[in-house]
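Have a look below at one chain only, the form predicted alone, in structure tokens format.
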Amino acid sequence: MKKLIALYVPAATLIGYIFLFAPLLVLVIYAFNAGRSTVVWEGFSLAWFAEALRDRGLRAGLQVSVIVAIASAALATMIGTSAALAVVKRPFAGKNLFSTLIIAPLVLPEIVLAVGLLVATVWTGVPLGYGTLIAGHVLVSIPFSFLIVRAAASGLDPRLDEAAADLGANGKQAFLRVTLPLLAPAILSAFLLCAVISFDNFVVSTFVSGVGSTPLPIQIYATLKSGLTPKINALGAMLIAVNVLVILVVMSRYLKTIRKQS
């Protein structure tokens, strides 16, 4: 039985990785296709990469997505971090209710949040645009930053704040010199995750984006209505390359930190 389990687990893991990454591999391969088909190979070419870079709609959508992802991730991380520190370090009435309300968007259908935000926007007379788009993405991202930072803050020794106070540090100095450096990896992880969630968001963006603030996922969807070409594959391949590059940079710094500590 143990031998069977020992064989099954690696095989199941391999099948899972193939299931996850095989579509990405096919997408990248057909980005270099010379023809217009995404299923029939007609030769090697880089023409679709140039075509994707020349597409004004895709470039504008990419710009909107990057701006909104950075802004919403920064806001969501600040709000989530503040809420997590309040829950972990400060006793107050209704703490459990407060935590439940913070993570409520995780269990609510995203389309319900999007419709609610659209109704609130129309009722208040706020024009659709960057502001509503960022607000919607912040609403969706806050639970993730809150959970990540709360888990890290819960693992901190509460005596560190007491030691900092004994050495003459006030609350602000203790936070900036003790708590914040220890939580920096978790805060960075929360920021990156929120940025990815915002960049990939489609449902909320569909309801709260306005003229001139159409993000990349909606631009891609609009392009697909006129037919699927390797131009979308080329754009996806470039985004995958950027993601891999960011992961390699982060991992290299993480490995350097581990080596210094050892």
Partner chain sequence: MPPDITTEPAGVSRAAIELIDIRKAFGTGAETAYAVDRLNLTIKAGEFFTFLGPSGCGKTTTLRMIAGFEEPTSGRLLLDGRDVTGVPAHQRNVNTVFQSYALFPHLNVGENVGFGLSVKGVAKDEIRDRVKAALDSVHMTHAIDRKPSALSGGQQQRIALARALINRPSVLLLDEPFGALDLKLRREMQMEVKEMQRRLGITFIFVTHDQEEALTMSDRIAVMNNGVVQQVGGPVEIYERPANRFTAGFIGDMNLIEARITARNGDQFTLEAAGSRIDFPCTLPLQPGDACILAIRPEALHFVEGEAGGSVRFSGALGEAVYIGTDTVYALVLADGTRLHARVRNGDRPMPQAGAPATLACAPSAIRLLTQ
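Residue numbers count along the first chain shown, from 1. Remember, it's a predicted structure, so these values are computed and weren't measured experimentally.
What comes next is about the form predicted in complex with the partner chain, which is not displayed.
Between the partner chain and the residues 151, 104, 188, 163, the one pair within 4.5 Å by heavy atoms in the model of the complex involves 163.
Checking 182, 108, 126, 97 for any heavy atom within 4.5 Å of the partner chain in the model of the complex turns up a single hit: 182.
Segments offered: 72-80, 88-96, 154-162, 140-148. Contacting the partner chain in the model of the complex at heavy atom distances within 4.5 Å is 154-162. Residue 169 belongs to the set of residues with a heavy atom inside 4.5 Å of the partner chain in the model of the complex. Interface residue remark: residue 135 is not counted as part of the site for the partner chain in the model of the complex, having no heavy atom within 4.5 Å. Shown alone here, residue 178 lies within 4.5 Å of the partner chain in the model of the complex, counting heavy atoms only. Contacts with the partner chain in the model of the complex, taken as any heavy atom within 4.5 Å, map to no residue of 216-242.
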